[in-house]
Each structure stands twice: as structure tokens, then as C-alpha cells.
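Subsequent text provides C-alpha cells for two forms of one protein chain, presented individually as structure 1 and structure 2.
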Structure 1
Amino acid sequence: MNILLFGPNGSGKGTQGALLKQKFNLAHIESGAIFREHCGIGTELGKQAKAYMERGDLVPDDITIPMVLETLKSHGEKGWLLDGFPRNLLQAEKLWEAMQASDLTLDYVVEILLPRATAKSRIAGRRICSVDNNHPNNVHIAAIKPEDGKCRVCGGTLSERADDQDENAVNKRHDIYYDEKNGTLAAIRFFQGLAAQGKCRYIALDGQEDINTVKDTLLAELA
């Protein structure tokens, strides 16, 4: 089972991703998390990616595309949930090319729909758990509001992501996401086109619903 998960920063993508991962026992491949890990360890890739990430820019395609395709290869057996990639039309085309060349099927493309203004207001409240960055914690969303500054799921230490607190960076990330011509919405349209040809299934979720409703809708759609 191979799944692509799309949603703007702030849409609850991490939460729904964790659900998909658990349900189908998938490798959860998050391009942003891989980059953050490289930055943390200080690898050459991390050094190259850091400045782009801090500004909210995309890391260039010639660094990102090979990195993600290599990671996918190493998780081929188990099936994967790809999150944060593709982020633009070129990445979408390269991913599909690579999948076809390796006879990989694409089972589902899941898109969480959320207006840009709502996504922006949610981002400032997001907190990252040191144990698992998919543990949902947001000081601006009642259902997942952490208590005493600790992770709601495991009690781990919480921190803010620097690029979440920088309004310019948030705006840039959303400029890329909501760009229907070359950005992430263009990548989604590319896969919707494939779905129309019967090559995968496309599922749209209303990200304005509360987390549990979105979860239930997703599970019903997958059944």
C-alpha cells in the first residue's frame, strides 16, 4: 500500500498521517522531518538544506528529489505514506516517473482541504514533541491542547518550530502550497488527473471539521 498525503501546514496532516501509518503499517516518510534530522546531525545535506528551510523556501529539487526517491527505495517492501513530497509539479512528475519505472502502485492520494487563513492561524499554536513529531499538540486547538507544556500523548518535551513562528516563512510555505500553477496544488491536480484515469484513488477531506470527524471520514473512505 502506497499513499500520498497532502494538506497545507496547519491542516492536521500529521495527525491523519499517524492514523494512516498505523492502520496499514506503513513507513511514514516525511521529507521535512528527514531534512530536520539531517540539520540536527549536521550532515552535508543538512547544511545545504538549512538556510532554505529557515526562510520557508523549498530546498532545491536537485537535492530533494533524489533524497526522497532513495528513501522510498529503501522502504519498498513495506509500503509507504509519503508526506511533504511532492511539493510542486516537477516533484510530482518525477515521483510518478520513478514509480512507474519501478512498477510501484499508487493506492490513495489524500488531500486535506483548508482555507489559507485558517491554516495560518493554526500554525502559530503548533508544538512539536521531542519523542514523536506526529504526536498532535496545538495550543490554539482545544481538542489537542497540551497540558503543563508537555506532550498530550507521551508527556514528552514540547518545542516550537522556528519556521512556524516566522510569519514570512509561514506565508512563503503557503504561497508554495496554494500555487495551482506550479506548486503543491498543481501536484495534487496532477494526481487527480491520474485518479480520473483509474490509476489511483483520490480522497478529499474537509480540514475544517474537528480532528475526530476528519479521522472517521478518512477511515470510512478507506473501507
Structure 2
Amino acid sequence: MNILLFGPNGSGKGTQGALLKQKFNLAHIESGAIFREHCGIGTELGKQAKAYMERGDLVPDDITIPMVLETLKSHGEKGWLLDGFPRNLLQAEKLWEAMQASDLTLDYVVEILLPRATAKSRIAGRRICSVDNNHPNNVHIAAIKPEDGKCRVCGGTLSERADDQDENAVNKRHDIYYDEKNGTLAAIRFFQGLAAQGKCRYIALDGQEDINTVKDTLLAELA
């Protein structure tokens, strides 16, 4: 089972991704981890990407797409969950072309829907567990509110991400995500179009529901 998972920062995407990983034994592939893997191992693509990163430049798609593809192919046997990529329409088109050329299948595209204002509020309340950053903790959501300032899952130490408290940084991330012309929403609509052609299945989830309701709805759709 191969899945693309979309949702704005604050939608609970990481939490649902962790649940899917555990339920279906999928490789949970996050875009940042792909760069770390290739740069850490020192692959040829990783070396090229590192040169751009060290200059503070964005890594071009003709390097990023092959890196993503290689990582997906390496997890092809047990299936994968790709989270955080593609971020825009052009990347979506290029990724699909590369997958087709490599005979990689895409089974599901999952989108967690959440209004921008709600997402922004949730980000400000998010707390990161030192043991596992996918443990859900948010001071603004009763169902996952930390207990005595500790992680509600494991009791680990919690911290704030600096960029979660930076309104400009949050707005910048959401500007990219909610851009329906060229941004992430445009990428999602591209895959919706593929789903309409029967090339994959598209699942929309209401991110304003509680975590367990979202999980149950998602699992029912994947059954």
C-alpha cells in the first residue's frame, strides 16, 4: 500500500501518519528525512543536494525528485507513506511522471482538511515530545492536552518549536500550503484529477474532528 498524505501544519498529519505506519507496517517517509538520509550516507544525489543546502539555496527539483524516487523504491516491498512532499504543483507533476517511468504505483491520496485559522491556532499550542515527536500534545486541544507539562503518551519532556511561535514563519508555511494556484493545494488537486481517472483513490478527512474520529474514518476508507 502506497499513500501520499497531505495536511497543513496543525492538522494532525504527523499523528495520523504514525498510526498508519503502525497499523499497516508502512515506511513513514518524511521529506526532511529523505535529505538527511542521502546527505548522511553520501550518495551522489546527497552530495549535490548538500552543496545547495550549504549555500542556503533551495535544492532543485531535478535533484529532489530522484532522491524521493530512490527512497520510495527502496521501501517498495512493504509499502510507504510519503508525508510533506510534493509541496507544489510542479513537484506533483514531476513526481507522478517519475513514478510512472519507474512503474511505482500510488494507491491512495489522503488529504486532511482544516481551515487556515484553525491550523494556525493549533500550531501555537503544539508541544514536541523529546522521546517521539509524533506523540500528540497540544495545549489548545482538550483531547491531547499534556498532563502536568509532560507528554501525555510517555511522560517525556515537552518543548516548543521556535518556528511554531513565530507568526511570520507560520504564515509563510501556510502561504505555500494554501496556495490553490501553484502551492500544495494545487498539487492535491492534481492528484484528485488522477483519482477521477481511476489512477488512485482520493480520501478527504475533516481535520476538525477529534483524533480518534479522524483515525476511524481513515481506516474505514482504507479497508
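These numbers come from a predicted model, not from an experiment. Numbering for residues begins at 1 and runs along the sequence of structure 1. Throughout, rigid core stands for the largest set of C-alpha atoms superposing within 1.5 Å between the two forms.
Only structure 1 matches the form predicted in complex with ligand AMP. In this overlay on the rigid core, residue 32 has a C-alpha that sits 2 Å or more away from its partner position between the two structures. Relative to the superposed rigid core, residue 48 undergoes a CA displacement of at least 2 Å between the two structures. After superposing the rigid core, the Cα of residue 198 is displaced by less than 2 Å between the two structures. When the core is overlaid, the C-alpha of residue 57 ends up 11.1 Å from its other position between the two structures.
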